[in-house]
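Encoded as structure tokens, the following chain is the form predicted alone, with no partner shown.
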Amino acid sequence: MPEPIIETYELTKYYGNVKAVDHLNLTVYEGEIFGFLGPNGAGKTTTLLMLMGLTVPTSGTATVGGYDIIKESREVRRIAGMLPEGAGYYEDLTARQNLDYIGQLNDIPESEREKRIDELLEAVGLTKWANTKVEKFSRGMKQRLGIAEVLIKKPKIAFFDEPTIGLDPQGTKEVRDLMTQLNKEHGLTIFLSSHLLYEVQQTCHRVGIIRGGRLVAADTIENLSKNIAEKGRMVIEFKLTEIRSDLIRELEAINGVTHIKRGEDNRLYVYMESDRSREVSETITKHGSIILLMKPKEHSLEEIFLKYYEREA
């Protein structure tokens, strides 16, 4: 089991009378991509700022890489980097000059800076534009440059706050693929804050859902899907060669089958109060259709997200 690299203990933050983060207890493990989900105003960015030691909690505390975010905030920032939403760049400088300046701020010697800059420009796919002024960059290129700026100090942990917001589909895919590559090839722990459910589902090993500053769930998507399943109900997904109306009528007549939903691409979702998968399969076969796929229905991250919000309403 990987070691915890981020741990929060009753982490709480007030802005005046507004509670932005509410007694947050959370663990992120070394080497994982953790998705932090919630709508705008849920407390995601405030949590990131506290974890980076950039704002002080009202109460509670946390450790990042073993360092206390209050007492050892400088050490936290030494081993962790953050790409904030709407990150700013020096538009009149080139990509290389931007990275060189960030390297100087992090006290990286000149000879080491040059080597790292070349490696990072290649890693984020900007070598061809190394000497191009950032004012000519697309938003996707700027995000890739921002990721390179985070990585120049070789952090153990990277915090990304809405890194794909505002990007077109191609730019979104490039940033998502880059995060996955950095995690797999370099073991970088990534804390991804987002409200874009599809991106999180495509990228993250585990997710946490925050509402009104309070953590309402944290686990793998698979486990969260199981947790929201309705008590006493099974849903089996079938993909068939053909579906006729007489088949659906006979399936609905099976004792224990509550209802049938028809999906795209010859898919059927059979809802059962108890396991009737054998009778269902036999009925499908009797009607001359071939079962191409049969498995328990998996809930999408959107379904999981909405279900947990319903529970907390």
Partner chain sequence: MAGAITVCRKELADHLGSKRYIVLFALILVLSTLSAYQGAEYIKDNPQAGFIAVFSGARFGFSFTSLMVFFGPIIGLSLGFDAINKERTSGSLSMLLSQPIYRDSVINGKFLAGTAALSLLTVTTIGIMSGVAMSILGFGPTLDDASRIILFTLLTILYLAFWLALGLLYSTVTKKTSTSILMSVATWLFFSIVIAIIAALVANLLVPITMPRDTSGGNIAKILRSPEFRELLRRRFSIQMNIQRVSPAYLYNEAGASILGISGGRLGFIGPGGGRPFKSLELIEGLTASWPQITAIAAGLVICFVASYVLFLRLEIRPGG
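Numbering follows the first chain given and starts at 1. Keep in mind that this is a model prediction, so the values were computed, not measured.
Missing here is the form predicted together with its partner chain; even so, the following discussion is about that form.
- Contact here is defined as any heavy atom lying within 4.5 Å of its partner chain in the predicted complex, and by that definition not a single one of Gly140, Leu167 and Arg176 is a contact residue.
- With its partner chain omitted here, the record of contacts in the predicted complex names 90-98 of 90-98, 182-190, 201-209, 236-244, defined by a heavy atom within 4.5 Å.
- The contact residue chosen from Arg214, Arg78, Lys154, Lys115 relative to its partner chain in the predicted complex is Arg78, the criterion being a non-hydrogen atom within 4.5 angstroms.
- When its partner chain is considered in the predicted complex, only one residue from Leu224, Leu126, Met82, Leu197 comes within 4.5 Å through any heavy atom, namely Met82.
- Using a 4.5 Å cutoff between non-hydrogen atoms, Thr220 does not count as a contact of its partner chain in the predicted complex.
- For Pro109, no non-hydrogen atom is located within 4.5 Å of its partner chain in the predicted complex, even though that partner is not displayed.
- A residue is said to contact a partner when one of its heavy atoms sits within 4.5 Å of a partner heavy atom; Leu54 meets this definition for its partner chain in the predicted complex.
- Interface membership of Thr132, defined by any non-hydrogen atom within 4.5 Å of its partner chain in the predicted complex, is ruled out.
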